[in-house]
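Only one chain comes next, encoded as structure tokens, the form predicted alone.
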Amino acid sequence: MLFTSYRFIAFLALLFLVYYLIPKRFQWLLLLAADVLFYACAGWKGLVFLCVTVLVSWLAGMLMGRSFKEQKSFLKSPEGKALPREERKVWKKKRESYRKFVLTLALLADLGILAALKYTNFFISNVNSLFSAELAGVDWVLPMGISFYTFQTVSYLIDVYWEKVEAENNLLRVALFTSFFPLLVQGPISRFGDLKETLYAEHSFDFKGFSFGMQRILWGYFKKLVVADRLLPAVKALCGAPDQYNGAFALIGALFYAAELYADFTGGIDITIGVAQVLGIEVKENFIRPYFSRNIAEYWRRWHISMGTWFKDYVFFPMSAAPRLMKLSKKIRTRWDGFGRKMPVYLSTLVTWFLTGLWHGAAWNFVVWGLLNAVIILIAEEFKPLSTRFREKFPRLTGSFGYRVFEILRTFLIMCSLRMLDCYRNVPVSFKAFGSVFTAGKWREAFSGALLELGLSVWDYRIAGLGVLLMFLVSVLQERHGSVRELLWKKPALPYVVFPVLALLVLCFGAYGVGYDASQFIYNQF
């Protein structure tokens, strides 16, 4: 059930109506029923794997939670207090070993399902290439949003193990957290501790929340239908024929893809957060105007925030502080002190970004993309003292508006260059296309009518350009003044003008019509 389909819009309208008509204590159960229906529309086979993940996560969380309660109860009892100190330590260590065993089995099960379904063919193809084997690939179903809901359950289990959240003993509540339908398509990757307060709560109809949610949904449809889907044919044409469309065309393709990806991904997130807000459920922001970033580290604090914080909290920090890595660092420091101190951070960064790339897709272009991000971040970190001295020496220059624009454009172009690996989905082709920007030329050809042969008319370019301009202006307002919806709310007449106009723009200029099938959101593949 695509977010851009009429069926989904009818599904939402019915859900919103029934949600506020039924007794409030049943609202979360209605959401669970809606989740099952939504996911079943994508295929019953995928629903089976989702149910297995839910069962494993619920059982493991319950066992760990019960172990914590039994431990605390025993240690407070007369029998527990009577134990000698060393025996108490041994007893607690046994309980901790039991919880670690349960957590390990659950993570192996949840991540094992993800690895088997998503990466088996990638593994087979690499074995065939390395050993000249002829192993046949598998034709297994890849459930919708499996990377997103798996990471949510993994974070839940680890947080229970770390005692950040209490285990949820109700199977149906764990099922709702895992399968909440707006999050399944492309996230954000939500944490149990952040979502539980409003996900299971009883909600009364709130006009402001409903209005803000509907406005956010409409803004998401504008980005998706007016900008992203309109640019999609040109992006496919440019990236689909790299030998023909190189040089200036490669750069134009990267710029088009940057606009299309941003409109597509943030548009989907806007719809997700808007739907949740109409239902009274708080979902954290996943984007904070990333194209205004002045360096790549800042960019990744603004782009796909939930993914970045997930890898930081559950991969980077535990690995960089792991006892074995600390011991290795200590040994290295006896000979190379500087490198030994930085080694845990270097290695953890590389591993984190390797896994981040692999999470995006089972292909080497994503792995290389992830590692290149890591290398650039580490290089920037190494040059940080030099950058700091430069800023101190030339404060007027580095504090000027022009220098900030330079930094923003530099970061934007670096990210566009890295995304060529995503555009072409082939490592050698991507590097060849990047090199052609500086060697092949074709600038006159590109702007002499060739762009009109990519499936877009002059009016398509004008509409897409005005859509991008509107997104930019809204981002500028948000950067300076915060929420645009709050600004409009303070002037009650404006929403009744602005948003009907926006709805009309979506209806009139959205890339759809008779026989048109709106494309999947890009991040559906994850």
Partner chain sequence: MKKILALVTVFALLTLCFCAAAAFAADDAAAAEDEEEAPVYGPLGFVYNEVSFGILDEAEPVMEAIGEADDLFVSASCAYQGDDYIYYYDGLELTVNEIDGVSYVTGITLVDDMIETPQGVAIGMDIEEALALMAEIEDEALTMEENRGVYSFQYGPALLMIQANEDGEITAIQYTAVTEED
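Quick caveat, the model's predicted, so the values are computed rather than measured. Numbering follows the first chain given and starts at 1.
This next part talks about the form predicted in complex with its partner chain, which is not shown.
Contact annotation for the candidate site: Y119, L135 and F148 all lie away from its partner chain in the model of the complex (no heavy atom within 4.5 Å). Residues of just one listed stretch (261-269, 125-133, 408-416, 276-284) have heavy atoms within 4.5 Å of its partner chain in the model of the complex: 125-133.
The contact residue chosen from F431, F390, Y98, W443 relative to its partner chain in the model of the complex is F431, the criterion being a non-hydrogen atom within 4.5 angstroms. Of the candidates V367, A234, A248, L199, V367 is the one whose heavy atoms come within 4.5 Å of its partner chain in the model of the complex; the others do not. Mapping the unseen interface onto this chain, F394 falls outside it, with no heavy atom inside 4.5 Å of its partner chain in the model of the complex. Although the partner is absent from this view, N426 contacts its partner chain in the model of the complex, with a non-hydrogen atom inside 4.5 angstroms. Though the partner is left out of this view, L371 does reach within 4.5 Å of its partner chain in the model of the complex, counting heavy atoms only. E87 falls outside the set of residues with a heavy atom inside 4.5 Å of its partner chain in the model of the complex.
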